[in-house]
Each structure stands twice: as structure tokens, then as C-alpha cells.
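The chain that follows stands alone, in the form predicted on its own, written as C-alpha cells.
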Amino acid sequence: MKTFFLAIAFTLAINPTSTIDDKGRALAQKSKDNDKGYESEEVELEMILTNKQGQVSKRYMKSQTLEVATDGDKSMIEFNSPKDVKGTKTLTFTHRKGDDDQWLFLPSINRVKRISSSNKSGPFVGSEFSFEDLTSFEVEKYTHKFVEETTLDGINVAVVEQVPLYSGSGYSKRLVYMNVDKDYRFEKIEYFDRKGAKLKTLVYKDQKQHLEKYWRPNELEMINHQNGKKTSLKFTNHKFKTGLTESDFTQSSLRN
């Protein structure tokens, strides 16, 4: 890992046209490249919502994801319980450039609703995750600026500042902490609102490696610093290369 950083430093020294932003983008690309090739993925989730007073409610769902070689990933999330959200589904088409496509199926009215760009910064079914947070990470959707190398809870990390290039984002920027010793996997993301104030922090907990390559957290914790709420997502029964196809991710499949 040290060799990689020395190589970048050498490149910057001999090439005056290179900038510190080249390093930030290179790190982001490295993280993305290390996660390629999983083809498809399925996982069960428990969503734990905690309000400012410490009261807890839970929801259960399953998620399916399809890797798309020429664009961003496609994903489907379906709620299994409780009754008031059972059957609710979200379909997301992430794009490498431009606005993503998202739809929400509401079984109570048997209607598929398209999520507009202006609404993607809104909360996902009352959680501290937004619809925007459901999309896959795509290098082309951000500018990248290397900030520093430091330690986070004893982990060697590189910090990269990313500014969204797509319209309708609820964030002015985010700071991504990448583990330089573990395939540049994300360890933490700090989100800043449109006014530049710190809004939320996402922590990747208990990460495990699957198929000797793909790192996945057993828990994601999103803390909202402005309203005192938090949402945790706990993952179980991870499966990869499950044979999902494009036909499993259509507006028609939302109703099935």
C-alpha cells in the first residue's frame, strides 16, 4: 500500500500538470475497481430507527443488486414488515453521469411513483437515509480532492473530499475515509448540507470479506447531527452471483 502512495507522489513531482485532485480521483477509482465483478447480490436487512428520545422502531426488508458493466448498478429494495410498509418497493437505476432514475411502489394505492431529482434528498421511508443514499458509488458523479492520510480508530485511512456533480443533491460535499490497508474500502462518510454544515455521518461496522474479495459491512449506522436521530441497517444472509438479470429490475417487477 505504501508503494502506491509513493508512486503517486513521484508522479506529482515529475509532472507539474498533475494536481492533488488526481490523487483523490485515483484513490476513488481504486476503491471502485476493487469491488468490480460481483455480478449480482442479495441480502436481508433489519432497519432500526432511533428518535431523539431514544425510542426504537424496526423494519425488515430484502435488497437485490445487479452490477451493470457500462453504467451504475441497479437495485431493488422490498419491505417485508411491519404491515404499514409491507410490499413497499424502491427501484434504483444509478448512472455514472447525470441524474439517477428511482421509482417507489406503494401497495396501499397500487401505484408506482417516480422520484424526482428535487425529492431525492428526502428521507427514505422515514429513515435518516435519503433516496440519494441508495445509489451505488460512481466515480464520475463527483469531483475528488485528496485531503490527508491519517488514522481512524487505529485504521490507516485516506480522506477524500467529494463534491456531487449531479443536480438535486442534498449535499454540498462529503468526506470519505478509505482504508488504505484493506482495498480502499469505505470506513466512514461525513455528509455536509447545502449550506456547508455537517449533517450526517455514516459508519461502516463489522466489515467482512466475501468470495475473498468483496468487503461488506454487517451494519451501517447513519447518525443525523442536526435532528439527533439515527438509523442502523443490519445485514444478514449475503449472497453473490445469484443469477439476477435486467428483467428483474423493471417498473413492472415493482408490482410483482
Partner chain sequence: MRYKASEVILLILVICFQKFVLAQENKKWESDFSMEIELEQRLFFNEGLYVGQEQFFTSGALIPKFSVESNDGKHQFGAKLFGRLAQYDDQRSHLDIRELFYRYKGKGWSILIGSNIVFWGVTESNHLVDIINQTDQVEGVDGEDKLGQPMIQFTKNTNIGTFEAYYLPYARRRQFPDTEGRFRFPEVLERDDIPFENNAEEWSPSFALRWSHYLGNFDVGLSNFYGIAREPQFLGFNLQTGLQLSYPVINQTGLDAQFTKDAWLLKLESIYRTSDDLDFFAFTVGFEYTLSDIKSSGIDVGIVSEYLFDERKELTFSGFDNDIFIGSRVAFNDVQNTEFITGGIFDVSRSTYLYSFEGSRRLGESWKLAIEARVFGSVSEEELLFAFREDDVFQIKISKFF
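What you see is a predicted model; the values in this text were computed from it and never measured. Positions refer to the first chain, counted from 1. Note that the rigid core is defined as the largest set of C-alphas that superpose within 1.5 Å between two forms.
Not pictured, yet referred to below: the form predicted together with its partner chain.
> Closest heavy atom of Asn237 to its partner chain in the predicted complex, within 4.5 Å or not?
Contact check for Asn237: no, nothing within 4.5 Å of its partner chain in the predicted complex.
> With the partner left out of view, is Asp101 within 4.5 angstroms of its partner chain in the predicted complex by any non-hydrogen atom?
Taking the distances in the predicted complex, the answer for Asp101 is yes, it comes within 4.5 Å of its partner chain.
> Does the 4.5 Å heavy atom contact test between Phe93 and its partner chain in the predicted complex come out positive?
So Phe93 counts as contacting its partner chain.
> Does any heavy atom of Ser57 come within 4.5 Å of a heavy atom of its partner chain in the predicted complex?
Although its partner chain is absent here, Ser57 would touch it in the predicted complex, with heavy atoms inside 4.5 Å.
> Asp21, Gln29 and Gly72: each with a heavy atom within 4.5 Å of its partner chain in the predicted complex?
The answer is no; none of Asp21, Gln29 and Gly72 reaches its partner chain.
> The chain here is shown without its partner chain. Which stretch in 139-147, 182-190, 111-119, 153-161 comes within 4.5 angstroms of it in the predicted complex, by heavy atom distance?
Comparing against its partner chain in the predicted complex, the contact stretch is 111-119.
> Would you kindly say which of His225, Lys52, Arg194, Lys208 lies with a heavy atom within 4.5 Å of its partner chain in the predicted complex?
When its partner chain is considered in the predicted complex, the option within 4.5 Å is Arg194.
> Could you list which residues of 223-256 come within 4.5 Å of its partner chain in the predicted complex, counting heavy atoms only?
If the 4.5 Å heavy-atom criterion is applied to its partner chain in the predicted complex, 223-256 yields Gly243, Thr245, Ser247, Asp248, Thr250, Gln251, Ser252, Arg255, Asn256.
> Does Val159 count as moved between this form and the one not shown, where moved means a C-alpha shift of 2 angstroms or more after fitting the rigid core?
It does not, since the Val159 C-alpha is displaced less than 2 Å between this form and the one not shown after the core fit.
> Rigid core fitted, then: does Ser117 show a CA shift of 2 angstroms or greater between this form and the one not shown?
Superposed on the core, Ser117 moves its C-alpha 2 Å or more between this form and the one not shown.
> Where do Ile115 and Glu161 end up in the predicted complex, Cα atoms closer or farther than shown, with a change of 3 Å or more?
Farther: Ile115 and Glu161 separate by 3 Å or more in the predicted complex.
> Would one find the Cα atoms of Arg194 and Arg114 closer or farther in the predicted complex than in this form, where their distance changes by 3 Å or more?
Result: farther.
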